[in-house]
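Next up: just one chain, as structure tokens, the form predicted on its own.
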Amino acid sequence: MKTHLDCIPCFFRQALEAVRQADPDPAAHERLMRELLTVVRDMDLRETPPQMGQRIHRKIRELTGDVDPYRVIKGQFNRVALELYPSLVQRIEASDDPFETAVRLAIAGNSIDLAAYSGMTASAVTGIIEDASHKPITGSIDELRDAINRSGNILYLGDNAGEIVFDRLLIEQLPRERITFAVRGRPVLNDATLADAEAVGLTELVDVIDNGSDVPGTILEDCSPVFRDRFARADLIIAKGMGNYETLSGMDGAPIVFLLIAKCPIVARDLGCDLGTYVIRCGREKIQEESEDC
């Protein structure tokens, strides 16, 4: 997806929130924002929103000297999600369709997105998770189930800290020996890194790699050779979140299934759904050799 003019106010909001996370001194906020105005001024609208986010957050880290302004918030949401985890395992085990319940919870976890929801709180997350079983979904859980059953190597692209605990719930319903879980290579926004995957126990379940990049999405040219090799060899790629959708949805030939909440009007319009919809969407028409749509 290219960047739209409507994305620009969101960039400024994200920048101001990140500046406030990185530097508690109000006097520094105006100076930092003026520096960031020049970054936005020179943006290329033909690029994806996450590529612009990369530039903004690199500049913030450069100006403040803070390599991870969101580290405290990421830790908080990891802990919140881990506190919910035991009860959610019980919910999955008691459900009529554990796979469907785990898919819904994994998508619900995509609400922990500070790029889209700046005011997200622990209580809000709890409420969203409680409502997950009732939310409308566009896309087919059964086709996702079939795609997973048919696939050998599965690459699961994570998104945010805290959210990856809900990904863990889904991974526990999958053939773990076939799964590689990928996180960001360096901190950006509240996106999950290897340290977050270790903190929530994912590294004990499956092979976890980082993608070598600080884009809040997946730009293959910016990723490590190891990640690109895993991506190329994957029979199925499960991509979480809007950043991965914005950067990978135009890729031809890759067997991608996106799982996300449509939290942005532009993304919702691109998906053809209402704001807040739970989405299962293939990145291309077919993810199997047969001529059946995903």
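The term rigid core refers to the maximal set of C-alpha atoms that superpose within 1.5 Å between the two forms. Since the model is a prediction, treat every value here as computed from it, not as a measurement. For every residue, the number given is its place in the sequence shown, counted from 1.
Keep in mind the form predicted together with another copy of the chain is missing from the figure; the text below concerns it.
- The contact with another copy of the chain in the predicted bound form, taken as any heavy atom within 4.5 Å, belongs to 9 out of 276, 24, 9, 272.
- Note on the partner interface in the predicted bound form: the residue among 226, 67, 232, 37 having a heavy atom within 4.5 angstroms of another copy of the chain is 37.
- Residues placing heavy atoms within 4.5 Å of another copy of the chain in the predicted bound form fall in a single listed stretch, namely 29 to 37, out of 256 to 264, 58 to 66, 239 to 247, 29 to 37.
- The shortest heavy atom separation between residue 43 and another copy of the chain in the predicted bound form is within 4.5 Å.
- Site residues 5, 13 and 20 are all in contact with another copy of the chain in the predicted bound form, judged by any heavy atom within 4.5 Å.
- With contact defined as any non-hydrogen atom lying within 4.5 angstroms of another copy of the chain in the predicted bound form, the stretch 226 to 263 contains no contacting residue.
- Residue 26 shows a C-alpha shift of 2 Å or greater between this form and the one not shown [criterion: core-superposed Cα displacement of 2 Å].
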